[in-house]
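Quick heads-up: it's one chain on its own, the form predicted alone, in structure tokens.
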Amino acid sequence: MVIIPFFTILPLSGAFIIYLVGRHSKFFTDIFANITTFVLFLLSLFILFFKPFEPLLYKVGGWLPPWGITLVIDGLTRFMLITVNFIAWTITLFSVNYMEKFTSKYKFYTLFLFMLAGMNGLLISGDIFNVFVFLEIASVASYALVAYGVEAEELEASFKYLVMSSFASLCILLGIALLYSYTSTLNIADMGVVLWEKGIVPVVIFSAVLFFLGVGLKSAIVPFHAWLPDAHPSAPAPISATLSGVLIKTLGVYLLLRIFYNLLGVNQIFLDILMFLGVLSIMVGVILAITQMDIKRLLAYHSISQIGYIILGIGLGTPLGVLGGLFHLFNHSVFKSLLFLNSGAIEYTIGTRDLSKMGGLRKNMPLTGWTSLIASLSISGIPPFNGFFSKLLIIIACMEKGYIGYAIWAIIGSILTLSSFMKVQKFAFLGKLNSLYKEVKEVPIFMRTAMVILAIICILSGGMLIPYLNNYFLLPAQKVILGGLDYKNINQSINNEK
């Protein structure tokens, strides 16, 4: 349990070291950033297989909860840590070559590691105010990274993202303040005990509304999605992959699960709202995506659509629905990160994101073309790739609970997703090679390696890895969500140790 704080110590230390030393050596920044993210990935793997169904707790300064700050790792935290740190490692690997076209690469790695520290800190914090602190660390770093290219488009998108996200943070902070005024504690588990004893009153309901506004904006579900289609395309490709792959899930979906399932509790009315917004996000996102010719904007709208599947799954509230929602969260992190890296490889090589100006790129960029095809089939839910199995679980769960209409909309959304990505394949990789790109070559080795790793996971997690994913990865997280308010008992184990 001593290693738990290192999920924040390592990236924070790495950020400071890179900022101090990195300006003098590009080689050092690349090596050190990749070592840091890879070590974090290994730590998350170790945590994953170490007592997967038991919570791990770390007392900061030796103070027992609820008086001291507690770091908590349960099944849901393990699930999110492995997802976040795996994607972070592949993105730093991709960035070794990609970020060469930007100046001051060390500043990019510094901000990226700050953002990673914020995400990891949010995941392991057992104190709701520290959740907010780490949320802000990740958010502020992401604002700067969206504007990293300092072009007019990027600055405008970053400002819009900053305003919308700051409003979301304000809602979350006000919700925390109201709960603190009612419970007189900031420890999440202890807060749950007080709410259980004192009951739900109007001030708690109002704080729940504020939390929902905040996490809805952070996760970009419809109708809180307006900032995302500008922020994701404007950012450098590694940041687009991070924002879509893990940031909106950590700051949005994870907080929604932790606050509503484990702290406040859910009822059927709330679940009905989640399911409706999930289906609405699926359809609005995919319909808007179909009309796009900017490949990164198309991918951004698909992020909204795919988040809808996750929200639909967890909104069902059934074991199969929650399992499908969690599985799709991981799958989406993998194939959407890969798709954004593919788009970055294209822009890196030919300098455009406009699909109408591409064509025949697979002839000169075969690896980018094939990994893009794998990711396109995965996000479209085509077997035997990973997206098929998670979507299938969600659709079966809808039918099992009697929501046939929602199942049909989920299938329609998947069909429209397939048509959208067949357009991408046609305009970008198939057909006659544009004469302007006859001398185009495949992207450098580190960019190729990152894309291949993600493509392999798209294939393996669709079949061969399912038994291991289910037993060690998904079921412990599912147990935490379905356990609901049982999270309030988590402090008992640490107090019993005394």
Partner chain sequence: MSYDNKDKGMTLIVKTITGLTVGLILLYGLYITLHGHISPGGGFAGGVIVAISFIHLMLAFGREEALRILPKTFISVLESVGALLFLGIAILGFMGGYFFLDWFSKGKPFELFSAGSIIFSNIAIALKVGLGLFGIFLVLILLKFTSKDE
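The structure displayed is predicted, hence computed values, not measured ones. Residue numbers count along the first chain shown, from 1.
Although not depicted, the form predicted in complex with its partner chain is the subject of the following passage.
Taking the partner from the other structure, its partner chain in the predicted complex has no heavy atom within 4.5 Å of any heavy atom of R448. Though the partner is left out of this view, L485 does not reach within 4.5 Å of its partner chain in the predicted complex, counting heavy atoms only.
In the predicted complex, its partner chain sits beyond 4.5 Å of every heavy atom of L475. Contact check for L43: no non-hydrogen atom falls within 4.5 Å of its partner chain in the predicted complex. In plain terms, the part of the chain that comes close to its partner chain in the predicted complex, with a heavy atom within 4.5 Å, is 59-67 out of 438-446, 59-67, 452-460, 29-37.
In the predicted complex, its partner chain lies within 4.5 angstroms of at least one heavy atom of each of the following residues of 14-32: F16, I17, Y19, L20, R23, in sequence order.
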